[in-house]
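Form predicted alone, single chain, as structure tokens, below.
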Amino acid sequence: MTLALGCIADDYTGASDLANTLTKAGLRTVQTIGVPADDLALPEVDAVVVSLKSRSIPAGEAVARSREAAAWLNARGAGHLLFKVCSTFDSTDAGNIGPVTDALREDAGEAIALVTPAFPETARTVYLGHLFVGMVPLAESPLKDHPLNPMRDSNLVRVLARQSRAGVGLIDLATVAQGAEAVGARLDALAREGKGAAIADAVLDRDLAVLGAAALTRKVSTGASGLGLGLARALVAAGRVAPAAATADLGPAIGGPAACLAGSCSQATLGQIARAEAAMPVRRLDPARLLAGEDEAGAALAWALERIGDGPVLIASSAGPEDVAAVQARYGRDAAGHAIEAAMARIAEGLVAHGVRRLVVAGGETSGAVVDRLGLPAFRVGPEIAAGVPVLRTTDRDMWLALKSGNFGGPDFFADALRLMP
């Protein structure tokens, strides 16, 4: 296997988002869970997205896991490595975007890496180094309140500089408008100044094509799925990849019981849960009971098993910012988060053990916990449910999944996902 593009994603839903984007752009893509075993059978592909659950762990661990993934991808001839991060740049001042970018760049022998979370299709743009969600700076948007990685500074040059060993520069929109050569020249100039990373502006889809072509002249870049789209288009334009069909045939229907799990606390997911209540039974976990040691997960699983024979069910641990803050204040942020993730993973394991083969999961941390507990090695990418969210089919068993970042999808996301999982 010789890969045109190797990708390392810092969470599982972001990896699905990227795999979906690359597939739509014509790259034959597989998403793996963790660094694959050397004997994992994979089809002939152009790109592999290695999914890590590294966004919210200590920076040193994130670096070690990312280096392991890079070694696996490089051993398979990856022509370029993309470190895939969230389009809202979720990361604390201790990392992990800066430390991982530094490590991958240095290991590749590069002086500087292009960095951008811009993805105009999902209303994430960067202007003069500031990240916007729609028309609003990130730090003024509801997305600033991520329970594990709150983002209170919209200036990504400042944010990344607080995490990085080397300085951070800016490639402004005026430079991007001049094309890939101008971006490359700006990268060279910043590298001579001792900068190790450069935040790149992008406000339109065509800006991504410029940034992808510029990034591809180096071995490493960091960004959201928008940069992945730019890289894919550059690979196709350069003739390094022959574009494939936008959606692969993933095989026959699976059928059987279906269930949905929601752990995200984003406004989008909260609205989707409220809409789902009109279409399926919904049970909300009580975090206080769970953290007090009561068997809340067992009770929720029993509730679901009584109902899945009649149709899909939804179990949610999601809550609004004020409720999340109250639970974190009482029990501690890490303890609360880990307990809820473990509960959702246990519920998923029980559901699958009782025949569920169609599973929809909302929330990056929840998706990571669920997929790890189920021990799924890799996925093939199917039809798009919503921007950034594809249907996935496991490579080792007959099972459909959808792994959704909290902010993605329309109001009827859960019903939409299940319709595409026959």
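Owing to the predicted nature of the structure, the values given are computational and were not obtained by experimental measurement. One rule holds for the numbers: they count along the sequence shown, beginning at 1.
The same protein also exists as the form predicted together with a small molecule; that form is not shown, yet it is the one meant from here on.
**Q** Residues in which of 374 to 382, 361 to 369, 31 to 39, 64 to 72 have heavy atoms within 4.5 Å of the small molecule in the model of the complex?
**A** Only one stretch qualifies here: 361 to 369.
**Q** Does Thr23 reach the small molecule in the model of the complex, with heavy atoms at most 4.5 Å apart?
**A** Residue-level check for Thr23: no, no contact with the small molecule.
**Q** Using a 4.5 Å heavy atom cut-off, state whether Arg105 contacts the small molecule in the model of the complex.
**A** No, no contact at 4.5 Å.
**Q** According to a 4.5 angstroms non-hydrogen atom cut-off, is Trp400 in contact with the small molecule in the model of the complex?
**A** Heavy-atom contact with the small molecule at 4.5 Å: absent for Trp400.
**Q** Is Ala345 one of the residues lying within 4.5 Å of the small molecule in the model of the complex, judged by heavy atom distances?
**A** Ala345 lies outside the contact set for the small molecule.
**Q** In the model of the complex, which of the listed residues (Leu131, Leu81, Val85, Ala259) lies with a heavy atom within 4.5 Å of the small molecule?
**A** Here the answer is residue option Val85.
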